[in-house]
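Have a look below at one chain only, the form predicted on its own, in structure tokens format.
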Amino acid sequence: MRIKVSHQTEYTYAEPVSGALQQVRLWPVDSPMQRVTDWAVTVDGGRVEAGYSDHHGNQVRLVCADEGVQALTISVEGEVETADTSGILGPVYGRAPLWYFQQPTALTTAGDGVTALADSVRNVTGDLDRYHALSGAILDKVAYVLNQTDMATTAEGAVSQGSGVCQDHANIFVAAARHLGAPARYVSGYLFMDDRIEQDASHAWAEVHLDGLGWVGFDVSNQISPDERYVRLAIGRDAKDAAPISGLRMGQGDENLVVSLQVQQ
């Protein structure tokens, strides 16, 4: 499938900023699941100061806002050819060792709620069946509800309140899989939806490393393994590591964020 993406992120500031720096992870890379055929990221109101491949293998750019601006816009236009591998990325490895993806983070530390979810599927026979069961158990416990969590919400916090969105589901899956002894990681990207082109935000899911298969993806929010409708952007130990854009600013006044996203064939 050929998936076209148009993604614009605009920050506006009530007062001119003296400085703003964003880490941008909006460059997909080729893999057994996808081939990037055309991709461009442009910046208005700022400039790219540096670029590098991080220890996760993500392509990262540091974007600095021009001094005194009141708007910074980061725009993506691109096309990716995808394949359905039943969610199996396979034995694809970078600089980070597998044990690194077994380490908890502030967002993915397993408390009583996450531990209970993990233990509820511990005796399911077969790795794939166990983690599909985990995915189902998470969605049963944590309903998909918008605007009740944010980037600071932990996996345990989302389980406790019983609601969240795709980033919360992915963080919970990662935390629970690690409690079960498996390396697991967070994935950010895009999802082509059959019933719409305009979307409110990018998507997120999780991957777990299974003996004999390598990395395998699970989208808790949609209860499937990623297929040809998914475009992978970045990976990390949690949502913070793999955030498409993250950063800081210096200056007075409020900041407003507007995201425009189209994903289509």
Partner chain sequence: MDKPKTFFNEMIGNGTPRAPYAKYGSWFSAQNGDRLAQKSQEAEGFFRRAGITFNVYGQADAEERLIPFDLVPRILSNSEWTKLAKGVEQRVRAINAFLHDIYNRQEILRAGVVPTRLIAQNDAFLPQMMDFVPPGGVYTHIVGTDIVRTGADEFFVLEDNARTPSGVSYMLENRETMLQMFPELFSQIKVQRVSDYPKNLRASLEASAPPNCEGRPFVVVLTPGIHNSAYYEHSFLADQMGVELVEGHDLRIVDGKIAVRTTRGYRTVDVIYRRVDDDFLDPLTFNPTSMLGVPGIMDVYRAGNITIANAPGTGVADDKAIYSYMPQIVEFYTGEKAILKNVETHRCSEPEALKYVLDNLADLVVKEVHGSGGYGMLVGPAASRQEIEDFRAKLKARPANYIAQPTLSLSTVPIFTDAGLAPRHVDLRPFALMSPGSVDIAPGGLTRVALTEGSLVVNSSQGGGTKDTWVLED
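Keep in mind the model is a prediction, meaning the values are calculated, not measured. Positions refer to the first chain, counted from 1.
Not pictured, yet referred to below: the form predicted in complex with its partner chain.
A.B. asks: Considering non-hydrogen atoms and a 4.5 Å limit, which listed residue (70, 53, 199, 223) is close to its partner chain in the predicted bound form?
C.D. replies: Spelling it out, the residue with a heavy atom inside the cut-off is 53.
A.B. asks: Within 4.5 Å of its partner chain in the predicted bound form - does that hold for a heavy atom of every one of 95, 237 and 247?
C.D. replies: Checking in the predicted bound form: 95, 237 and 247 are all within 4.5 Å of its partner chain.
A.B. asks: Can you pick the stretch from 136 to 144, 75 to 83, 99 to 107, 120 to 128 whose heavy atoms fall within 4.5 Å of its partner chain in the predicted bound form?
C.D. replies: Contact criterion met by 99 to 107 only.
A.B. asks: If you check in the predicted bound form, is residue 12 within 4.5 Å of its partner chain, heavy atoms only?
C.D. replies: It does not: once its partner chain is placed as it appears in the predicted bound form, residue 12 has no heavy atom within 4.5 Å of it.
A.B. asks: Are any of the heavy atoms in residue 49 no more than 4.5 Å from a heavy atom of its partner chain in the predicted bound form?
C.D. replies: Taking the distances in the predicted bound form, the answer for residue 49 is yes, it comes within 4.5 Å of its partner chain.
A.B. asks: Does at least one non-hydrogen atom of residue 213 fall within 4.5 angstroms of its partner chain in the predicted bound form?
C.D. replies: Although its partner chain is absent here, residue 213 would stay clear of it in the predicted bound form, with no heavy atoms inside 4.5 Å.
A.B. asks: So, residue 36 and its partner chain: in the predicted bound form, are they within 4.5 Å at any heavy atom pair?
C.D. replies: The answer is no: residue 36 has no heavy atom within 4.5 Å of its partner chain.
A.B. asks: Going through 20 to 41, which residues have a heavy atom within 4.5 Å of its partner chain in the predicted bound form? Please give them in sequence order.
C.D. replies: Heavy-atom contacts to its partner chain in the predicted bound form: 21, 23.
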